[in-house]
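What follows is one chain in structure tokens, specifically the form predicted alone.
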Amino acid sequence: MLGKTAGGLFWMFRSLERSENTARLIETGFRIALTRPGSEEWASVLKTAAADQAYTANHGAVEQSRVINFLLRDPGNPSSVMSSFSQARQNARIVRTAITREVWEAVNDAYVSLKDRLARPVPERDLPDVLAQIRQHSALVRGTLHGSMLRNDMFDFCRLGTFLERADNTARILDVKYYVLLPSVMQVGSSLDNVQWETILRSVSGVRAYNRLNHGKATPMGIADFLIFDPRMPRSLRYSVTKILSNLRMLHAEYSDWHACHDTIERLDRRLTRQTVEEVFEEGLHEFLTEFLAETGRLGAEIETDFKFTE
């Protein structure tokens, strides 16, 4: 496969995953704002989306309506939902012959629908419906991918983009929780602390699954263990790393080449398999996540280089 095609598939699905993650963050911030008005939660949402500096440069003070507009539809924000869908559609056009008609139509229909829906600022009363629509479009694209694509190298690059973005997003949510939402160690373990941990579960659609496994007992260590190490949770770090490892191994079997990215993902997988949440908390959650994000950043760059995306 041409590196340009591989890169198009990778970034197409990375952009789609980013759009859904952004919509989930907005929904979490909006839910909290209904019961606890203020700008702190929206500042944390911007931080998690890695959009805080861009927002401040263009809009200054953090205000709910401005943040929502910036994350949903601002063309000046390359990570906004609309920008992400636009990038996904552009990449889908580039790799049109590598994907099925069903996948192309799902991406194109999503773009056209959201372009119309996000042509104007979204009123607060319509926000839940718009966010649900974004998640549904993302789910439809994933469904058509699974239901119509061959399990070959093209499929592998699609999945690499999805799970690399998902791992990055979950790690950022966990990191921002302690170092933006809880700047004071005096709050750790308080009722405020527990509420904020539960908001993390909401942002990854993990409330019901966590409660089922833990009988509703939400603790910082329990939730961190769930989102870092549980191989059954589809948005946990371990689940994402396992999927990346599987797809890179299949590419190795396809091409018979072993690259730097294979070494990196093997190292990440060993760490998440052998380490415990108690060891993470002893080391420091922030330190663990900072290293994890550095590793996934390195992994993404290595995948681009190893498979010659720019050639």
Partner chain sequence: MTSGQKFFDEMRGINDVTRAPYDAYASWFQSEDPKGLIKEAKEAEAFFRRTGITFNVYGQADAEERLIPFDIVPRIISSKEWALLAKGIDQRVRAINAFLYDIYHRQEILRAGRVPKELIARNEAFLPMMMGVEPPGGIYTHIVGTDLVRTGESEFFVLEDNARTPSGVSYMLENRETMLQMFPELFSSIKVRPVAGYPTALHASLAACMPPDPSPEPTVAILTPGIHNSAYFEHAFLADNMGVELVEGSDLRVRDGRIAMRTTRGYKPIDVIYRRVDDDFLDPLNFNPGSLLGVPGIFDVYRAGRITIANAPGTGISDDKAIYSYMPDIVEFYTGENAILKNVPTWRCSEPESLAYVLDHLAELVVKEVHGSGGYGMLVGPAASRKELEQFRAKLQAKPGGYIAQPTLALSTVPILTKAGLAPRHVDLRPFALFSPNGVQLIPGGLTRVALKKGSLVVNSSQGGGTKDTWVLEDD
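Residue numbers count along the first chain shown, from 1. Only a predicted model underlies this, so the values are computations on that prediction, with no experimental measurement involved.
One more form of this protein exists, namely the form predicted in complex with the partner chain; it is left out here, but the text below deals with it.
Not one of Arg117, Ala119 and Phe229 places a heavy atom within 4.5 Å of the partner chain in the predicted bound form. Not displayed here, the partner chain is approached by Arg89 to within 4.5 Å at the level of heavy atoms in the predicted bound form. Interface membership of Tyr239, defined by any non-hydrogen atom within 4.5 Å of the partner chain in the predicted bound form, is ruled out. Contact check for Gln136: no non-hydrogen atom falls within 4.5 Å of the partner chain in the predicted bound form. Contact check for Tyr210: every heavy atom lies farther than 4.5 Å from the partner chain in the predicted bound form.
You can rule out all but one of 217-225, 71-79, 90-98, 123-131: in the predicted bound form, only 90-98 has residues with a heavy atom within 4.5 Å of the partner chain.
Within 4.5 angstroms of the partner chain in the predicted bound form, the stretch 291-311 places a non-hydrogen atom from each of Asp306, Phe307, Lys308, Phe309, Thr310, Glu311, taken in sequence order.
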